[in-house]
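To begin, one chain is listed below as structure tokens, in the form predicted on its own.
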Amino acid sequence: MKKMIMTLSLLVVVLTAFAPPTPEIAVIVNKENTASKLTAGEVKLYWLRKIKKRWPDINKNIKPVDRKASCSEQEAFYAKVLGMSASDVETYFTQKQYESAEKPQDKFASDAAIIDFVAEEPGAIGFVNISSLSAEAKARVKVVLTIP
């Protein structure tokens, strides 16, 4: 029994050592947005438009931004901020669209496309790999939360 436990422990250590690291995520909003810092709970409420449909102070529709395809950034955001799986998120937005004709999240293929959209759309809120935020990108969008 001890040998089996030691073997399993070693296996866990080896698998952990070779697992890809979880990327550090930056939640971004448009520069016009008055929000400067948000908690993960606030990001969840805004991104899912659970309480409000419009940003306070700037009176713009909240437009959540997502990735088109599954990626490590999306998985980390869903797990650490939303506490949901990808299928839960899709079901949530499908149900919102059915119940109240709410538009689902805008989806883009890359961090660069998300940064461009958020920079142009005052109501947007999205997530990107923090390494995608060059000095030029940081001048165009505002980071309101980082998720290690």
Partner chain sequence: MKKIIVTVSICALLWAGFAQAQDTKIRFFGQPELSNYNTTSKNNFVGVNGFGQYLKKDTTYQSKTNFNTGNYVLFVTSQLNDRISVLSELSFNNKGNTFNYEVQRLMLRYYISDHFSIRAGKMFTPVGYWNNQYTLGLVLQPTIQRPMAIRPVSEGGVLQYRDAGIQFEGENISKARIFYKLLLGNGIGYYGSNDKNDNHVAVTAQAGFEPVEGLKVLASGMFDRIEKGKANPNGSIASLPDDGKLQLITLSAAYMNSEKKPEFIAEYLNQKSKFDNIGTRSSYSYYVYGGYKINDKITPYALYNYTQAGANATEGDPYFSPIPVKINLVTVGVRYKFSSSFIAKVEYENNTEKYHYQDIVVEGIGKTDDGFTNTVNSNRFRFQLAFVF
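Quick caveat, the model's predicted, so the values are computed rather than measured. Numbering follows the first chain given and starts at 1.
The protein also exists as the form predicted in complex with its partner chain; that form is not presented, and the subsequent description refers to it.
Although the partner is absent here, Ala113 is not a contact residue: none of its heavy atoms lies within 4.5 angstroms of its partner chain in the model of the complex.
In the model of the complex, Asn59 approaches its partner chain with a heavy atom inside 4.5 Å. Although the partner is absent from this view, Ser70 stays clear of its partner chain in the model of the complex, with no non-hydrogen atom inside 4.5 angstroms.
Using a 4.5 angstroms limit between non-hydrogen atoms, Pro104 touches its partner chain in the model of the complex. Candidate site formed by Asn129, Ser132 and Glu136: none of these residues places a non-hydrogen atom within 4.5 angstroms of its partner chain in the model of the complex. For the stretch 89 to 104, the set of residues having any non-hydrogen atom within 4.5 angstroms of its partner chain in the model of the complex comprises Glu90, Thr91, Thr94, Gln95, Gln97, Tyr98, Glu99, Ser100, Ala101, Glu102, Lys103, Pro104, in sequence order.
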